[in-house]
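Just one chain is shown here, as structure tokens, and it is the form predicted on its own.
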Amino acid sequence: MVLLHETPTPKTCAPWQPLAGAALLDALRGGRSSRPSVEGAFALRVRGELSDRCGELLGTSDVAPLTLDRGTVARGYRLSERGDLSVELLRHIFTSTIFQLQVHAGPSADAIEDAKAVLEADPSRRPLLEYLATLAPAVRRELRDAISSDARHLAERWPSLNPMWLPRTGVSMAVDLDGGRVRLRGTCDLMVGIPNRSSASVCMVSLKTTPLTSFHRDEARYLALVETARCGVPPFRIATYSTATGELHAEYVTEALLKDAMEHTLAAVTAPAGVPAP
């Protein structure tokens, strides 16, 4: 007897869904019982080691002060001038501003206009808004649609943060090395957690409006290094979130991670000059 078997129907995987709400918050925070620790003495000497090695790389020559930021370090070149204004930069700045407003006040009924009002109140943003006014109507509509999508995704997915966690947005950081010949600088879109001088307790979050790449991971690690160098205590966790796709990349800050970020940073000290991407 020949038995006939039906070919089993292949099982299809459920479509990937971006994390949202409590699930996104859990991914940001990680498992509380498995947090790695960075040896305290290493964290305290990060700044000194960076400064000494910058001095070795630059030698005794009289060089102009070098400024490094997360974009130049991740992409392997020094900062010469800021990049030209672009539609991509406009989207990033508007979405970042919407994100900051939402963190502190919740989603807005007209997020774009609220963000524009914030930017108009900042004199340093005048060139950006003047550039916006020069765009063709079709380009402005496309840009508005993209920002509206970012704002909607943030409103739908981003969790509310307990005020007791001290959420801080747009945190500027800077560290001078080798007697001021090298400056590390950066801005963290969101820092959460109560600063603690004796143990890692802060989560640092970077916001992106593009799909995530390895460059974004290296940028986040650079910010963790700058935070460690400026205060002697590393963050316990770093994360990068994309409003375009809902992707989240989060990892614990370890001694190995900081050493890797240090090598990337030192490589940029002697790299050729370049213009960072937004």
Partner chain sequence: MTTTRVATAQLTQTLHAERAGITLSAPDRQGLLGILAQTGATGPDLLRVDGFTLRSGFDAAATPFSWNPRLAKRTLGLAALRACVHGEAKNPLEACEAVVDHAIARASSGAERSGSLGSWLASAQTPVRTMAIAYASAYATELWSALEWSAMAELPTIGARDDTVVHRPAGLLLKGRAEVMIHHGNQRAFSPRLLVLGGTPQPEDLLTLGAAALTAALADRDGHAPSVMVGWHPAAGQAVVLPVDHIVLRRAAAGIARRVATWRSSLSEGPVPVAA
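Note that the coordinates shown come from a computational prediction; the quantities given were computed from them, not determined experimentally. Numbering follows the first chain given and starts at 1.
The form predicted together with its partner chain is left out here; the points below concern that form.
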- Query: Which one, 196, 134, 86, 160, lies within 4.5 Å of its partner chain in the model of the complex by heavy atoms?
  - Reply: 196
- Could you work out which of 183, 140, 153, 92 is the residue within 4.5 angstroms of its partner chain in the model of the complex, going by heavy atoms? 183
- Partner proximity in the model of the complex: residue 145 to its partner chain, non-hydrogen atom cutoff 4.5 Å: no
- Task: Would you check, heavy atoms only and a 4.5 Å threshold, whether residue 249 touches its partner chain in the model of the complex?
- Result: no
- Would you please decide whether residue 130 lies within 4.5 angstroms of its partner chain in the model of the complex, comparing each non-hydrogen atom pair? no
- Message: So in the model of the complex, is its partner chain close enough to residue 206 to count as touching (4.5 Å, heavy atoms)?
- Response: no
- Query: Candidate spot 178, 256 and 270, all three in 4.5 Å heavy atom range of its partner chain in the model of the complex?
  - Reply: no
- Though the partner is not shown here, which residues of 223-237 have a heavy atom within 4.5 Å of its partner chain in the model of the complex? 230
